[in-house]
Each structure stands twice: as C-alpha cells, then as structure tokens.
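Just the one chain here, laid out as structure tokens, in the form predicted alone.
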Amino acid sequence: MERQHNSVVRTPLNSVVVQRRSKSKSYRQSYRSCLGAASRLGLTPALTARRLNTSRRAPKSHNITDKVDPEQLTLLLKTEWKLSYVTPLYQFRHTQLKSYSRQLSAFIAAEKQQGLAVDAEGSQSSFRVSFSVVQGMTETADDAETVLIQIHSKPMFAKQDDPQKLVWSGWLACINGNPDYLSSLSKDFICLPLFGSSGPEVLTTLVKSWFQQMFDCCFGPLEISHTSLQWLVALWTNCHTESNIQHLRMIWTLPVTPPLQITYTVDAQDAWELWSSVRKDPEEESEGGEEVEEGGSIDLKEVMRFMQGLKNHFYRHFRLDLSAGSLQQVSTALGSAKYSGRIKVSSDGKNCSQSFSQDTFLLTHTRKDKCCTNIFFLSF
C-alpha cells in the first residue's frame, strides 16, 4: 500500500501526458538519451572517465527516518543490490503503479507458462507483483520519486494458508539528478536512471524485459570503477568522527599467475589519522575568497595521497606493491561496494537510515540523528 505523505508522489514537474508516438521513434530517442545520460551523469565506466571532476563536496547531514517508510527503509538497508543503468522511460506514470503491478504479474505468469520463468529455489505456483513509491528520497523538484518493485510467491506444494514470501526486490531512482540533463529531456520521458535488483537472475531478466517492452528503455551493467572505489575509501574514512566505521577493509587483486587476492584491513583510527594528515588546510580550500561549507570538499589529489599512504604502509610490511593491482571491494561497518556493481548498506542497530543523493546516485548512510557517510558515488 502506498504511504500517504505531505510531499507529492510525482513524476517530475516538467512531465505531461502526451499522445504516444510510434514505438520505433520513441525507442530511438530513448536510446539516444542513454548516451547523453551516460556521459552527463557518469553512468558507464568508459564515459565517466572522460569527465572526472577533481573535487567533490560531501553532502550535508540530514535525517530521513521521519520521511521514509520504515519497512521500505529496512529492505533498502539489509539487502545487497546489483546495479544497472536505465535509459529514460517513455510515458512512465507514478499514478499508474497499480496497473503496472497487474501487467507485470501477468507478464511473468505468461513467461512461466512458456517455461521461461523457473525459480532458483524450485517451482512457484504464482507470482504477485507490487509497485510502490519510496517517498522522502527526492532532493529537487526535478527528481522523480523512487519506485520500489517487489515480487512475492509461494512454493508449488506450500499449504494453502502459508503466506507468500518475498522472492525478488528492485527499485528505480533519480535523486539530485543533473538539472541540465533533466531539463533537456522530452516531456514524455521520465528519468529514473539507476536500477537496483536483488533476487533470482531470471526474475531480474523478466522485469527488465517487461520495462523495455512497456517503456522503450534500455538496461546496461553498471560497474563501480577502481577510481570510484578509491573515492569511497576516502569518503567513508572522512566520516569516522561522526560514526565509527570500525575498520576499513579493501580487497585487491594482483595480476600474477595464479591471480593473487589480498584482503587489507586497516584500524579505523589509524585510517583516520592518515586521512587527516593528507587533508587540505581549510584556508587552502577557500582560496579565491569563496566561503567554505561545513565538511569542505574532498579533492582528488587528497584521495590519491591517502591511497598512496595506505599502499606504502602495506609495502613496508609485506614488500608487495598494490599499485600493480586493482581495487575490487571496499567495506566498513557502514556498508560495502564491489567492482562488480554490488552495494550493501549496513543495518546494524546504531545506523538505521539512508538517503539517495548527488548527481545520479549517491547513497548515504546515516545514523538516527545525522548523516555520516557516502556509500556510493557514480558521477565524478
């Protein structure tokens, strides 16, 4: 059931209902929009590298526990999500979510009847799909509300009174999106460029297929690059004073035969002291007379110096140069991010909320009282 909230459940303000054009024409425009979104919002590793900014400002602290449904928040926090990018959706309407639920349920049932939908845990008797809005996640009037998709089912031989269980979850989000790009879109396209999924791959494939047929969009894999993971190392460490990250764990791979995987764990306080030693002086940040906001900016040079310090420390102890390898995973007590495009936010007792932010998607992990860290950072 959709939750009532003071904010309007919305498609962006610049979106209006228009007569549907031919599918081929709208599909071509949507596909072209994919290229624009990738280059402007940093949705693909190759194109992101072309527009790497050298500085990022940490998002302001804010609490969203009173704005987001607790059940939805719990699901978002406890689950590891596989990320994909999505091109703009043609004539997607937040007011039609109940209809979409019925249509996707029927689509999955039809595919199952043809033998195409086989659950990984065994045959399922039926599937029930629900679309809902995750209110409280938007940052600007141009952002479309986040949409949560859930698929419930029960095993073929389950008792009649057995409840259906959640077998797949996914969401579409655009939070604090690039305003220039959003305003450049045709009014009959909705931008929800980030897709997260959790569950059997066959259901993920079916959901993507239905969206592509219904809204003339394209999906693509979204990896978290080596550079993005290094940003995360710095961003998480930068939040240690507000929320104890407990540890900084990195997984590296070295190009040897056979491949060598190294797990490098640093004490949280040691990581913080190293990070503090490479940070700019506030007066240096305000060069040019600009006012410095609380938290300041994090410069790419600082990130590189921090990473080099970590590598040097490892080399002194083990005589292995991590610069020859690739960073594959970063984790702290607040969450984890993997090169393969998987993210997870911690749901321990002290940290209970999160927010989507910064260009296409910056997932921030918060405490009850205050935002404490950036979980995921796509656009540079």
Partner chain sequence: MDDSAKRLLQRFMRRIPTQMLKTTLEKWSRLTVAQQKSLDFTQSKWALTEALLDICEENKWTTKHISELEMIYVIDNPNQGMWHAFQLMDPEDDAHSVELTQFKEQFKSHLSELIRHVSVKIKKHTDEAVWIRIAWGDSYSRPNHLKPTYVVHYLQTPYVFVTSLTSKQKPLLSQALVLSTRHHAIKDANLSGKKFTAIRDLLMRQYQQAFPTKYPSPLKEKNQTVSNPLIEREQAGPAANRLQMACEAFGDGMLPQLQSAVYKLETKFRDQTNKTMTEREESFRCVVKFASTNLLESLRDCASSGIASTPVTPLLSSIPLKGRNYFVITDNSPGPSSQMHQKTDG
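The structure presented is a predicted model; accordingly, all values stated were derived computationally and were not measured. Residue numbers count along the first chain shown, from 1.
If you look for the form predicted together with the partner chain, you will not find it shown, but the lines that follow are about it.
Only one of the listed residues (D270, E80, E139, E242) places a non-hydrogen atom within 4.5 angstroms of the partner chain in the predicted bound form, and that residue is D270. Interface residue among I175, V129, L310, L182, judged by heavy atoms within 4.5 Å of the partner chain in the predicted bound form: L310.
In summary, the region of this chain contacting the partner chain in the predicted bound form, judged by heavy atoms within 4.5 Å and restricted to 230-238, 144-152, 253-261, 130-138, corresponds to 253-261. Though the partner is left out of this view, V167 does not reach within 4.5 Å of the partner chain in the predicted bound form, counting heavy atoms only. Contact check for L73: every heavy atom lies farther than 4.5 Å from the partner chain in the predicted bound form. In the predicted bound form, the partner chain sits beyond 4.5 Å of every heavy atom of V207. Interface membership of V303, defined by any non-hydrogen atom within 4.5 Å of the partner chain in the predicted bound form, is ruled out. Applying a 4.5 Å heavy atom cutoff to the partner chain in the predicted bound form picks out no residue from 214-232.
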